[in-house]
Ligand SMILES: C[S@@+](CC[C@H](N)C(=O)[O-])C[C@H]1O[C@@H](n2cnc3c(N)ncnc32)[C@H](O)[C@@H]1O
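Take a look at this one chain, the form predicted alone, written out in structure tokens.
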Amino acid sequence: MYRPQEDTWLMAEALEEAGMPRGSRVLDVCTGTGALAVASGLAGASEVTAVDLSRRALVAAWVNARLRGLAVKVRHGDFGDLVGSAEFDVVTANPPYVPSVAVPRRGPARAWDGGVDGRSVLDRLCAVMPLLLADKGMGLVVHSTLSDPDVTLRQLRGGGLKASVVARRTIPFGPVMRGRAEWLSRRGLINEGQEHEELVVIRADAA
């Protein structure tokens, strides 16, 4: 389960600044502890669905929502399973995006490891985002610049969405990044001795 960190708070701020209309139907992808699902509910969403591959994460999300008096729906599985069954006014996503040797099939690293380029989940998310958004819907996605925001922008725009970077923040490496800094440096993803990364929030709007 992914505990809320700097990327979660940056997303929460971006969601607040976006001025989500009250009564919105919200989907929180890769919900983890449900922090963004809760933020959406507190901001006035009429319906919030939180999806994650981890059952433990969904239990945490459900409990966190209930403690705040929110009726968040939790769904176990992949966000792609929702294509064709529902559309949402807002989609929030803090997916796994840290470059890694492989994509784990289980265990805690599944919450952050995103494959050799950090895009194993991001690419699928960009592909289905236009199918998850209702007319005039808005998507918000956070990830590190190590996983190439330009690719995210191109993919979202290629799906017919208007996309732009709406927030940035530079933060120190956490334990995961410090532990694989040498590997990232060998791959040319960071400079030798680098100890910080930049996070971005990308907004995608449906016509």
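Just count from 1 along the sequence shown to find any residue number. Keep in mind that what you see is a predicted model, and the values were worked out from it rather than measured.
Below, we turn to the form predicted together with the ligand, even though it does not appear here.
Does the ligand get within 4.5 angstroms of any non-hydrogen atom of D78 in the predicted complex?
D78 belongs to the contact set for the ligand.
Looking in the predicted complex, any heavy atom of L36 within 4.5 Å of the ligand?
Yes - in the predicted complex, heavy atoms of L36 and the ligand come within 4.5 Å of each other.
R110 within 4.5 Å of the ligand in the predicted complex, heavy atoms:
R110: contacts the ligand in the predicted complex.
So in the predicted complex, is the ligand close enough to K73 to count as touching (4.5 Å, heavy atoms)?
Residue-level check for K73: no, no contact with the ligand.
Proximity to the ligand in the predicted complex (heavy atom, within 4.5 Å), stretch among 26 to 34, 40 to 48, 163 to 171, 176 to 184
Of the stretches listed, the one contacting the partner is 26 to 34.
Can you name the residues of 78 to 97 that have a non-hydrogen atom within 4.5 angstroms of the ligand in the predicted complex?
Residues within 4.5 Å: D78, F79, N94, P95, P96.
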